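We begin with a single chain expressed as structure tokens, specifically the form predicted on its own.
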Amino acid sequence: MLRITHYFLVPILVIPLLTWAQIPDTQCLRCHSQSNLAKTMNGKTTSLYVNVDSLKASVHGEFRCLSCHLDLARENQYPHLLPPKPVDCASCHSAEGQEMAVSSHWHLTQADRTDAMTCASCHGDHVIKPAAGSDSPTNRRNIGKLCLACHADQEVVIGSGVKVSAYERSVHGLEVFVKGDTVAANCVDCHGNHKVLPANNPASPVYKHTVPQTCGQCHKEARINYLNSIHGQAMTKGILEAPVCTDCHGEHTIQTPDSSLSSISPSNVPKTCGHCHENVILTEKYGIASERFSTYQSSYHGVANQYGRTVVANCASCHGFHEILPPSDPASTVHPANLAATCGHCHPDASANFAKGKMHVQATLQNSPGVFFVRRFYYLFIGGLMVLFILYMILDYSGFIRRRRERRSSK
């Protein structure tokens, strides 16, 4: 009896499916092939027009309308009575759907934000083209424009004043937008595609401690050298203040080192390093030498650098850049045994005695008595000369006034 009941239920379940399966796409296109078909909701007008030729040329060209609009298939009415629900792309693209479900874009959708991103926002709806095609919005050459359509005016960090649109003028952006390079880093290379997460999420590829890994996808040697450095070792230990690639190079504003706009150009390197090494809070917290920037500026090299001499030694000239090691490390360029060779890059005749002078000198009696007394002498000497010159001018002017009065009185 139970088996007979099952056979009896099969037609009841199958007949509705056969009914909507019988409805051809031509029925849908009777309305949706009209170019002026549109709807207005909450003051926003949305076109309901479907270009048949473009639809057939898309990656879903062989699909039927109801293959995607499953809610209308279940409604089983022609024409449909209820407005269609958003298409659930994850019903076919499950892996991408799982990534999208935890992304920042999807969270905006759940919050009913009008500017929320959906699959169609990036891929299109009825005219989806393969990413390999040059006319696809998700092609590597077009990804930048696609993301900037929404994010152009957004600040990289709230309050920083740096807009995401700065990427267009960066070394990566120029390669993409001007040269059409498909290898240069674009938005998805750094942020991901479907699983876009905020930068403060440890799972994000732009989370601070993940940045070296992300940049290292292209800059492999730089990543290896950085991880061996004192900065990389500190980062590996979980020290959030340790600098990573973006702290020195920037994020969306990355320029080539020879550009005056670059934070790592010869003229800007001292300021970039000084952000941390002149920071009293950081130097006291981690017990590292303080006033590195100010003492460099007061040196011959620092003064020349301030006057635009880009060939003069800066922080990177002596300490290196990616593989910076502490002076106590025998492999460090500023280890006492290596200083002569380091100075020799600019001063070919530099000997061991040449490199014995102290760097980053703080002119105190305890730290450097020689420099302390020389500076004090010149402060007093130059100050005394100025006082004498002023006294001389006062006396000379007083004599001039006195002689002038005498001449007048004699007349």
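For clarity, every value in this text was computed on a predicted model and none was experimentally measured. One-based numbering along the sequence shown. In this text, rigid core is short for the largest set of C-alphas that superpose within 1.5 Å between two forms.
Just so you know, the form predicted together with a small molecule exists too; it's not on screen, but the next bit is about it.
Using a 4.5 angstroms limit between non-hydrogen atoms, Ser67 touches the small molecule in the predicted bound form.
Residue contact check for Gln217: one or more of its heavy atoms lie within 4.5 Å of the small molecule in the predicted bound form. Residue contact check for Ser91: one or more of its heavy atoms lie within 4.5 Å of the small molecule in the predicted bound form. At the 4.5 Å threshold, heavy atoms of Cys318 reach the small molecule in the predicted bound form. This chain lacks the partner; the member of Ser134, Gln110, Thr236, Thr256 within 4.5 angstroms of the small molecule in the predicted bound form by a non-hydrogen atom is Thr256.
For the options Ser298, Ser267, Ser104, Asn228, the residue carrying a heavy atom within 4.5 angstroms of the small molecule in the predicted bound form is Ser104. Comparing the forms between the shown form and the other one, the C-alpha position of Thr46 differs by 2 angstroms or more, with the core used for superposition.
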